[in-house]
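Next up: a single chain in structure tokens, the form predicted alone.
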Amino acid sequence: MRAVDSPSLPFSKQTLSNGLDVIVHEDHHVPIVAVNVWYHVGSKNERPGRTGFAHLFEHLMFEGSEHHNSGYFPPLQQAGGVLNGSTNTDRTNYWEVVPTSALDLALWMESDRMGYLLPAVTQQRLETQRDVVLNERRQNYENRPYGYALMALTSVLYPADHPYHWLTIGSSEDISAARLDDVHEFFRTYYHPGNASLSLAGDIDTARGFELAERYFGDLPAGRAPEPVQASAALDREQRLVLEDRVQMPRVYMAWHSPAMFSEHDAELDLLADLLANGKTSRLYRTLVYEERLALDVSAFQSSRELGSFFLLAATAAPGKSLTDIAAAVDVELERVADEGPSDAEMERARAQTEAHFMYRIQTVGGFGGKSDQLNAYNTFRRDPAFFATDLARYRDATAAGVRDAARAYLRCDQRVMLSVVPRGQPALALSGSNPVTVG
């Protein structure tokens, strides 16, 4: 299949005197503008005993700042806009998509919370949002079937002092113990122009975009560049764990350390995840779900991260089937792909799916994954908003031999974590040799 030419994502970039990167992309098809701010801070910038702060600020920054000390959603929604934000291990982002007439409002509000948030972060507001986060943690992890699985995996994949040891939402104990002074200091360290990137995309002239960025953000003080985070982790043997949970069917998780985001073999493992377990034509779906009826479902993904990634594969046992049989079938397929590599048809399908995902992300100017978000992502992690074409080329240029080599190098049976999640009171359903793991 002949790949289409890489789409054009033209932009202009300037850096204000306070260190804020400003990126402008013109798209005059619809009278809307996306305002997108990335801070290069995530849960990896926290430390043991002080986890969950980056995610906590995702909440606090929607609650008000010094000159607009109330919720951020009502005024922007009343102006016809939509807005949201998210946090992960490596970054935090906030975005609005507004009618062109409301651009000044969106920029003023973003600049006010970047420069003047802390006067509005009172003890009462901290306690309110702390309760919100703790409730979110209960809903998304503690009370959700298999919700503790990722906690169990990361706690073994990474040592206790590694910044990927804990989940982005943080531990309940740390969130409950967060002090106002610690929270304020975290904000002063990471949420300032020198650690941020502003992207404007849509119905705006480039010169006007830079003029507005200077007007609203130019007088904010430059912060000190945060110290870079460095950490590594490795497994020297297979570790088997069992977690009893409120689930009906056993599930097995397999996790391996894998290359960092954008590094060699990162793209190949992305493609490998697709051809192994994503879609009804994938190898493991055909084997485990369709042919042998061992599993109800199977999935895999390369979790690309800044310091180092992990590759995760999971399958839920069908009624009456064992995790032992599932694990054995998975190992046969892993050995086969490491020995023979994928077929040309599998490579074509995986590349086509990946290219479709790339194109889908830039169909809109804003939101999660839109043009403004992509420009900011590449600027934050690569210092190059033009990295889109290079990133896509990593997948287009990937070969079957490269995918085979990635499988050989990283998906080794003697360097992984095997987690069995089983119904409470039935530890015998776990893989043999599994040790109990406790999370909370």
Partner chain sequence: MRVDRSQLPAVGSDPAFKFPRIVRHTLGNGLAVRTLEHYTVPVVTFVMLIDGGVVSDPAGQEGLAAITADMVDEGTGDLTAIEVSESLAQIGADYDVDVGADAIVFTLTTLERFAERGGGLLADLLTRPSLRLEDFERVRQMRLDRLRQLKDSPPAVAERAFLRLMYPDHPYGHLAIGNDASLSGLELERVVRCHRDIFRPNRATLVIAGPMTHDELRQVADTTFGGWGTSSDPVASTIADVAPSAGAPRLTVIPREGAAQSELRIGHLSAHRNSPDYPSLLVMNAVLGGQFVSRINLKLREEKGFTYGARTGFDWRRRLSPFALQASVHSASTAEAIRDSFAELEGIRGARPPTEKEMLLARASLTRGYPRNFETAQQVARSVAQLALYDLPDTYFEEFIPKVNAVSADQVVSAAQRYIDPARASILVVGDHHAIADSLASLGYGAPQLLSADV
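Positions refer to the first chain, counted from 1. Quantities reported herein were computed from a predicted structural model and do not represent experimental measurements.
As for the form predicted together with the partner chain, it is not shown, yet the points below apply to it.
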{"item": "112, 136 and 248 all contacting the partner chain in the predicted bound form, non-hydrogen atom within 4.5 Å", "value": "yes"}
{"item": "Close approach of residue 145 to the partner chain in the predicted bound form, 4.5 Å, heavy atom", "value": "yes"}
{"item": "Close approach of residue 158 to the partner chain in the predicted bound form, 4.5 Å, heavy atom", "value": "no"}
{"item": "Distance check, residue 168 to the partner chain in the predicted bound form, heavy atom within 4.5 Å", "value": "no"}
{"item": "Residue 59, heavy atom within 4.5 angstroms of the partner chain in the predicted bound form", "value": "yes"}
{"item": "Heavy atom within 4.5 Å of the partner chain in the predicted bound form - the one residue of 177, 225, 233, 352 that qualifies", "value": "352"}
{"item": "382, 47, 68, 394 - the one with a heavy atom within 4.5 Å of the partner chain in the predicted bound form", "value": "68"}
{"item": "Options 334-342, 99-107, 304-312, 182-190; stretch whose heavy atom lies within 4.5 Å of the partner chain in the predicted bound form", "value": "99-107"}
{"item": "Neighbours of the partner chain in the predicted bound form among 62-86 [non-hydrogen atom within 4.5 angstroms]", "value": "63, 67, 68, 73, 74, 75, 77, 78, 79, 80, 81, 82"}
